[in-house]
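Only one chain is given next, in structure tokens, and it is the form predicted alone.
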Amino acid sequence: MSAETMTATLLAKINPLDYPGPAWSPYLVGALIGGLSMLTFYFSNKPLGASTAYARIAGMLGRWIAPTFTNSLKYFQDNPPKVGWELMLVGGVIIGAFVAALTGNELTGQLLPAMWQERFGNDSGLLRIVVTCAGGILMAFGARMAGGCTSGHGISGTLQLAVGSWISAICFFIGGIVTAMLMYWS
């Protein structure tokens, strides 16, 4: 059987709207993200990216707490802190995640997923919060150091076939696999 025949057979068996899992179909979500990325390029001539929003939030907080120091920083002189499209994108991602969880019957209201409870116990809520916050801080720091996050490099950059974005995306997966193995390998 040729590769083309195998691909055609596989695609005939996959219905992106008929997914047996509890969440949205990954095929449908992938197509929606691709469509969003194309529309973003078409209407704004900018790639999707969220990590700049964290820098803007830090700048707005800095201007509120220590305005003289914040205004003296070169980055914020070149990129004044403001509510831009990146911050609106992060807000949309939060709202979209809530809608997806609600409509995909995954809105559980539980702090600890079953897999976490199996590994760390039922009374590990504080550990979960600390690890989550530490992971978020490390991810934001890494994204700023790399010049992009999973959306900037992983979606927009790889769509443009940028070599640096492909390297970043590969490193995202390697980091995720290593972290999961360290946390859940028994």
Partner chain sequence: MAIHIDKPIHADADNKQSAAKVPVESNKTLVLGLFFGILFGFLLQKGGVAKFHVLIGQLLLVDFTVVKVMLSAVVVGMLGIHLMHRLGMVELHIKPTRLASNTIGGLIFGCGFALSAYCPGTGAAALGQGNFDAIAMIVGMIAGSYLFAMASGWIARKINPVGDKGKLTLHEVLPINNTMVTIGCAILLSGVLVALETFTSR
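What you see is a predicted model; the values in this text were computed from it and never measured. Numbering follows the first chain given and starts at 1. Basically, rigid core = biggest C-alpha set you can superpose within 1.5 Å across the two forms.
Note that the form predicted in complex with the partner chain isn't included here; everything after this is about it.
Query raised in the report: Can S44 be called a contact residue for the partner chain in the predicted bound form at 4.5 Å between heavy atoms?
Result: Yes.
Query raised in the report: At the 4.5 Å heavy atom threshold, is S124 in contact with the partner chain in the predicted bound form?
Result: Taking the distances in the predicted bound form, the answer for S124 is no, it never comes within 4.5 Å of the partner chain.
Report task. At a 4.5 angstroms cut-off on non-hydrogen atoms, which residues of 117 to 131 are near the partner chain in the predicted bound form? List them in order. Result -> In sequence order, R128, I129, V131 come within 4.5 Å of the partner.
Requested in this report: Would you say whether R119 is displaced between the shown form and the other one, judging by a C-alpha shift of 2 Å or more on the superposed rigid core?
Outcome: Yes, R119 moves 2 Å or more.
Query raised in the report: After the core is matched up, is the C-alpha of V83 off by 2 Å or more between the shown form and the other one?
Result: False for V83: its C-alpha shift is below 2 Å.
Report task. Please say whether, between the shown form and the other one, the C-alpha of F141 moves by 2 Å or more once the core is aligned. Result -> The answer is no; the displacement is under 2 Å.
Requested in this report: Could you tell me whether S168 and D78 have their C-alpha atoms closer or farther apart in the predicted bound form than in the shown form, knowing the shift is 3 angstroms or more?
Outcome: Nearer in the predicted bound form, by 3 Å or more.
Query raised in the report: Given that the CA-CA distance for L138 and K74 shifts by 3 Å or more in the predicted bound form, does it become closer or farther?
Result: Closer together, by at least 3 Å.
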